[in-house]
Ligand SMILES: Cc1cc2nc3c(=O)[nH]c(=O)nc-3n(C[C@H](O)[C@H](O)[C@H](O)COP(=O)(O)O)c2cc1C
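Heads up, the chain below is alone and in the form predicted on its own; it's given as structure tokens.
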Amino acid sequence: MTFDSKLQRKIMGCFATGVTLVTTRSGDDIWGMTANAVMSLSLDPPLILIAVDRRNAIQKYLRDGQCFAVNMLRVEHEAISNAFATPGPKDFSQISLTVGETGAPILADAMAYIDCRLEHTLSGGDHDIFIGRAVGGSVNEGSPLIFFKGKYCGLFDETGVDRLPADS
């Protein structure tokens, strides 16, 4: 019996996730994508996992550049998340960037980031899993951008009221 992928998507939408901007560099070319399929795989050694759809153009840049950074987005970064969630070339011109140890672009005002050298690539259905060894990172202040039931939200607003989206 085949499991309904639409039901899987709906079920997994109930798992609130942080929103990140994964960035990479290959030569002079930089690329990025919005991602929530990100996790800390191991602390010893420090490994980070990202899952990327095989159709996503970032695949080539990750393989060629052998590095990536995971930039944790703040609630103020919803527009950046939307811009990098669509297929096609990405415009970094209005985004303030720094460079990590690996050469990967770092969002200057990210809530946090982790800079990784690519160590392994594995197949996972219609995605490839990229495992990187953390070589740098930083934590800043901010409230995280959260994705839940297909919508953005934050944990709490400045009044302490939760901002979870209503069921639709």
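These numbers were taken from a predicted model, which means no experiment stands behind them. Residue numbers here begin at 1 and follow the sequence given.
Here the subject shifts to the form predicted together with the named molecule, a form of this protein not shown in this document.
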item	value
4.5 Å heavy atom contact with the named molecule in the predicted bound form for all of 34, 57 and 87	yes
Listed residue that, although the named molecule is not shown, lies within 4.5 Å of it in the predicted bound form (heavy atoms), from 48, 67, 107, 52	52
Partner proximity in the predicted bound form: residue 127 to the named molecule, non-hydrogen atom cutoff 4.5 Å	yes
Candidate stretches 113-121, 136-144, 26-34, 39-47 - the one whose heavy atoms come within 4.5 Å of the named molecule in the predicted bound form	26-34
